[in-house]
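Below are two forms of the same protein chain, given as structure tokens: structure 1, then structure 2.
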Structure 1
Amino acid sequence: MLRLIARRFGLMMLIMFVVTLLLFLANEADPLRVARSVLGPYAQPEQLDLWIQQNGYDRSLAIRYLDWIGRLLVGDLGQSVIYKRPVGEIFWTRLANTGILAGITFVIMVLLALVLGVLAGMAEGSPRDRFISVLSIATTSVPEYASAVILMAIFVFWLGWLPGTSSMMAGFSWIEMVLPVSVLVLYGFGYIARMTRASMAEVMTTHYIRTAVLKGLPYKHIILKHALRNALIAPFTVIMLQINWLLSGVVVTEYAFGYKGFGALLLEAALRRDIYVIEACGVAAVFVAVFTQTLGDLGYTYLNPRIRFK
């Protein structure tokens, strides 16, 4: 098992190296382009050349990449072009905000999806199964920008129960989290529920479940002790992939509700060509994607002994 973990994390580091190299080449291979992004489109050639010399962009590409990696490792993310201050002062706050939103959403979404998926899979073809299946497909089919508008129309403009923005201007507010969390849960839970339902329905038809039923074991004991763990094997990888989506895929939701998070920061940086913020967000998104996928592979191995003992 330790050898498997070492291999997985070794592969993770290799992927991180390759992706960070591609990210660096895409953004900083051309020193003149970097200088123009920082100084603006109207900078004179003399100003561009001076900036390139002062910031070490006249060195070789390999030296600059190693220097960039070294600065990343010590937390030096550069200077934001938009905000005129170190990227780290903005980046970590925005990442923490998205972490709060993603954490609340993840817990509610996974619990709801697993409960509904198991309930549907236990009675395949029943009215309960069909209702949950239709609900899951319907909610997943509606994109975030549409569900955000619908929920705001109902709970903000019609009923007046909730605020229309989640800017947290007066500090953290639970009531301002309701709408963005609801939008993300509605969009994300259906896919997990459908995967769980399909896996649970397949497990319920296996011989060992039928044998346990014929032996007269309590039905609750059969579900929780024998069926549930095996039914979670397939949805587990999907659940882990949702973490990456909750980090970098919530741009629309954060922008719709004015939530100052990671996704909104990435959108602002992309629109205004803030190169160092884009690099910081790219590295964070890649790390989360690779790390969660690695944890997903290890968790899948734990849940499926046939893979573990190979």
Structure 2
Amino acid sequence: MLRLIARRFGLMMLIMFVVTLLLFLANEADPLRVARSVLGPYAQPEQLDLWIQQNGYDRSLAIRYLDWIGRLLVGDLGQSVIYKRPVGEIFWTRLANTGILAGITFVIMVLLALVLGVLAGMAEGSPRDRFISVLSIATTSVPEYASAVILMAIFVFWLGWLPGTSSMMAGFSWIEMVLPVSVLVLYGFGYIARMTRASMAEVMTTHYIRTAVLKGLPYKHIILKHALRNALIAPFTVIMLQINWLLSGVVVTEYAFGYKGFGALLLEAALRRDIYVIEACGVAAVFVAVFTQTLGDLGYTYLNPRIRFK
């Protein structure tokens, strides 16, 4: 098991190295482009040359890459072109904001998906199963940008019940969380519910469940004690995948509701070529993706009794 952990983390480091190299090459290979991004489209050639010299962009690519990695490791993420502040000052706040949105969404989405998935999988083919399956497929099929507009049209423009944006102008507000969380839950729960249903349905047909039923155990006891643990192994990986999606995949939702999160920061940086923010966000997003996948793999190995190391 220790060897597996070491191997997984080794692979993780390799992926991170490749990703940082690609990010660096895409953003900083051409010093003139970097200078243009920082000084703006109207900067004169002599200003660009001066900036390149003053900021060490006349050094070789390899030296600059190592320098950048070194600064990254000690938490120096550079200076944002748009915000004119150290990237670190904005980055962590935005990451925390997305953490709040993702956390609330995650709890609601996973609970809802598991309950519905189990309810559907317990009685495969029943009207309840059909209803939950259709609902899950329908909500997952509607992309976030569409459901955001639909929910906004209903609850903001038509009924006037909810605020149209979630920028927390006057501090944190639960009511402003309703629409973005709803959009994310609607999009995300269906997939987990479907996976849980399939897994549950499979477990329910196994011999040991049949034996338990024939033994006369209470149905509730069979579901909670025997079926659920085994049924949750497959959805576990999917749930871990959702953490990654909730961090870097919420761009559309944050953008639609003006939520000041990590996704909106990344999008804005990309639109305005704020290269140091793009790099910081890129590294963070990939790290979370790789890390959660590693945890998912290790967790799956631990939960599944058929995989054991001697």
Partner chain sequence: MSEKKILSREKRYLLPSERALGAETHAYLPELCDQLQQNKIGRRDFLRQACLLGMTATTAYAMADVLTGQSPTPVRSALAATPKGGGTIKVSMRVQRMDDPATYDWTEMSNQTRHILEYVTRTRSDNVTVPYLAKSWEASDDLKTWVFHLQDGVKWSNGDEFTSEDVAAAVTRWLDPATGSSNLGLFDAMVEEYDTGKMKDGKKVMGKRGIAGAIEVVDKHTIKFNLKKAALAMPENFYNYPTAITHRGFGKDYAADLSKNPIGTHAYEMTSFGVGERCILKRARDWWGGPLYLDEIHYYDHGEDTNAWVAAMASNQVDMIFRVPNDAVETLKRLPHVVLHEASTAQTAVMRFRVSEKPFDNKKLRQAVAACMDHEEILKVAFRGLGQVAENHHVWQGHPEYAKLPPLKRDVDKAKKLLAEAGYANGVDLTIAVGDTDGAWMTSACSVFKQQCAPAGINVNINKMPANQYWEIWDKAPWGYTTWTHRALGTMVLSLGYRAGVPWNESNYNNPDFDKALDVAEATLDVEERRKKVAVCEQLLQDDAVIPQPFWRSVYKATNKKVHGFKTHPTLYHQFEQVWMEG
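Not measured: the values here are computed from a predicted model. Definition used throughout: the rigid core is the maximal C-alpha set that superposes within 1.5 Å between two forms. Every residue number counts along structure 1's sequence, beginning with 1.
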Quick check: structure 1 or structure 2 for the form predicted together with its partner chain?
2
Is Gly125 one of the residues whose Cα moves 2 Å or more between structures 1 and 2, with the core superposed?
no
After fitting the core, how far does the CA of Trp161 move between structures 1 and 2, in Å?
2.4
